[in-house]
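A lone chain, given as structure tokens: the form predicted on its own.
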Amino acid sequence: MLEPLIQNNVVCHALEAMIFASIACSILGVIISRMNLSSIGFTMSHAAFAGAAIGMFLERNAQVAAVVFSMAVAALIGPVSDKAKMAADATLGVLFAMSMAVAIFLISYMEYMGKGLSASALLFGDVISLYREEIYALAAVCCLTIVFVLAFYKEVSAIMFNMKIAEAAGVRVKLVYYMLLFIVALSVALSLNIVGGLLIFVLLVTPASIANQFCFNLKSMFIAAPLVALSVSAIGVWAGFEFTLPIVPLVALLLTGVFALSVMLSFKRRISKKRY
């Protein structure tokens, strides 16, 4: 896609992958952060990690297994919460612990059996050995995320304001909520090879948190968060190749630094100070 502009295929593929992952995760991050369900991020990332470990254990495609297991966890969140009369956050915590236990058990078992498994790519990402098909899949889920927000913007806004009031007003809360969970699961699973199971949470939470420091309405957050993620990711890819640095941890550190700077420069913080 960017081949006419960037001749080096490795750099081109890394930048394309980070662009699509950043846009999809940051848009979804705006929704889950406003719904106070940021724990979806680490639950889904570890579900994808566990699914990939299952795929490796069964000697099947790790990414396909990650997608299937993430979707299964997403499908469990609602029914488990309803049946057990638990808050969504508590259910996410239980599923997170289960996913992490499955992943650690299988990886430890495979290492004990001498299969020579290296989980570093799943934990920390690997942007320099991507297939073109993986980038196309990320581009597709990025477009799906944008279409979802545009098509269900009113419903999403109502649910973020108050889920019970939205349901009483006739909004299809469960449909939109489950669609959100499945899109998050798909985005996380497809981003696993790029961002890594431990660091994808940064892209789901930090850009939205940065945008929240300056934006006063939802529409501006949906624009600002992807722009922040896109800009920082592009700088991280460039700096990583230019100075031979690990790209994904560098992007995570840069986003954290930008967040700290945004808190210090936030208009909202100045306004709240004036009120006192």
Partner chain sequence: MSVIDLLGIYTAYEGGDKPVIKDLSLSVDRGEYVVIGGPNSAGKTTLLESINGLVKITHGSATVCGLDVARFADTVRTRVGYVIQNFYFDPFTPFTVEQVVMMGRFGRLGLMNRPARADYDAVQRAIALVGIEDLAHKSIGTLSGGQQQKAMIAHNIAKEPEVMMLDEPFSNLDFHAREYLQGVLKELVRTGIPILMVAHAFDGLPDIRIRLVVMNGGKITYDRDCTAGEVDGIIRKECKVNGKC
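In this text the structure is predicted, and so the values were computed from the model without any measurement. Numbering follows the first chain given and starts at 1.
The same protein has a further form, the form predicted together with the partner chain, not shown here; the description that follows concerns it.
A.B. asks: Is it the case in the model of the complex that H13, Y131 and N193 each bring at least one heavy atom within 4.5 Å of the partner chain?
C.D. replies: Heavy-atom distance to the partner chain in the model of the complex: none of the three under 4.5 Å.
A.B. asks: Residues in which of 184-192, 95-103, 68-76, 166-174 have heavy atoms within 4.5 Å of the partner chain in the model of the complex?
C.D. replies: Heavy-atom contact with the partner occurs in 166-174.
A.B. asks: Could you tell me if I223 has a non-hydrogen atom within 4.5 Å of the partner chain in the model of the complex?
C.D. replies: No - in the model of the complex, heavy atoms of I223 and the partner chain never come within 4.5 Å of each other.
A.B. asks: Check whether N212 has any heavy atom within 4.5 Å of a heavy atom of the partner chain in the model of the complex, and answer yes or no.
C.D. replies: N212 belongs to the contact set for the partner chain.
A.B. asks: Determine whether any heavy atom of N162 comes within 4.5 Å of a heavy atom of the partner chain in the model of the complex, and answer yes or no.
C.D. replies: It does: once the partner chain is placed as it appears in the model of the complex, N162 has a heavy atom within 4.5 Å of it.
A.B. asks: Although the partner chain is absent from this view, report whether F243 comes within 4.5 Å of it in the model of the complex, heavy atoms only.
C.D. replies: No, F243 is distant from the partner.
A.B. asks: Within 141-167, which residues come within 4.5 Å of the partner chain in the model of the complex, counting heavy atoms only?
C.D. replies: Contacting residues: L150, A151, F152, Y153, K154, E155, S157, A158, M160, F161, N162, K164, I165, E167.
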